[in-house]
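The chain below stands alone and is given as structure tokens, in the form predicted alone.
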């Protein structure tokens, strides 16, 4: 459903213009039943070329490794078997969304279904497919992580694969495409002015930075969410909700509430990527001391109380 939010141009026009065709998708294709079974069999036999296998959702391995908690309707076989066999004949394999990449929210808690991602079990390599798996292209599973994943990430990944420009150098150590994984959610966040002065929100409705009190980890989470917003203007932090790092393995179990910042001696435990704690504390102290009244007041308000003022001219 998130993929259908692709726009300018829309998803189907983009596919048509680039020679991509759906062989089958459960929500977007008209084929059902016996037609789908015959298509899958043709793919396995090599009669039908399978360029890109995309898998959504985690795959249950239970009970006892049989995968029979999730049967592909009408085939009498578990999804676990279908994914393994189709991956073996696909030129590329793409995991779409954090459930498919690392297990995601469906693996939280005790995980009674023994669900995993395609090539990862949380942050550990090896899931439905072994760590050493490589598709026909020689690449591992491409992990388009996100919960939900941005439609632009999926479309761009597919176009790069189709044009042969997504290689090993273009994915990060967790196999996420670098065109979005080389960015942080913090980049272009509309709350960055408040972050610079460590002017912090106290409630979810406040305008201030949510890192200090409300659990935001946008300074550590990969994603260009605020550079290419959803539907032209949306993102979690733009909507006033903290980033929960949904592109990362095991984000679903942070061991604290998503909207709370864990602290030690009053200092947030999670600090910006690559920044020593001592430097951050020194910078934060100076920033708080220099916070303009406008920013400090607006940070703990749900609307702009003091607008920017023109700089006074010297007489």
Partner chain sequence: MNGTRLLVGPFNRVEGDLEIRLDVEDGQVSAAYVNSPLYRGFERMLLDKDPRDALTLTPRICGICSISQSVAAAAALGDAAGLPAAPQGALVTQLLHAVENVSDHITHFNLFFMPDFTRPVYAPHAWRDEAVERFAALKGSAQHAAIDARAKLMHITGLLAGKWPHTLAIQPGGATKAPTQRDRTRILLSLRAFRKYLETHLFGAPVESVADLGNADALMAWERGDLGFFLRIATDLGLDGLGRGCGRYLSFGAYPGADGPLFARGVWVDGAAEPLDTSAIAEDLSHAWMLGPTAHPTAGETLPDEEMRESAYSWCKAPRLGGEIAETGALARQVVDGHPLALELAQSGGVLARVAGRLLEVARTQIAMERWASALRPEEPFMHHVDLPKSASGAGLVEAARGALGHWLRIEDGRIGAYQIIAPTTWNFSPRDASDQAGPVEQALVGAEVRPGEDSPVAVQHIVRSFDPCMVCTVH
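Nothing here was measured: the structure is a model prediction, and the numbers come from that model. Residue numbers count along the first chain shown, from 1.
Just so you know, the form predicted in complex with its partner chain exists too; it's not on screen, but the next bit is about it.
Exactly one of the stretches 173-181, 202-210, 124-132, 89-97 approaches its partner chain in the predicted bound form with heavy atoms within 4.5 Å, and it is 202-210. Proximity to its partner chain in the predicted bound form, taken as a non-hydrogen atom within 4.5 angstroms, holds for one residue of 28, 269, 286, 278, which is 28. Among residues of the shown chain, residue 163 is not one whose heavy atoms approach its partner chain to within 4.5 Å in the predicted bound form. Under a 4.5 angstroms non-hydrogen atom cutoff, its partner chain in the predicted bound form lacks residue 282 among its neighbouring residues.
For residue 108, a non-hydrogen atom is located within 4.5 Å of its partner chain in the predicted bound form, even though that partner is not displayed. Taking the partner from the other structure, its partner chain in the predicted bound form has a heavy atom within 4.5 Å of a heavy atom of residue 148. For the stretch 216-236, the set of residues having any non-hydrogen atom within 4.5 angstroms of its partner chain in the predicted bound form comprises 230, 231, 232, 233, 234, 235, 236, in sequence order.
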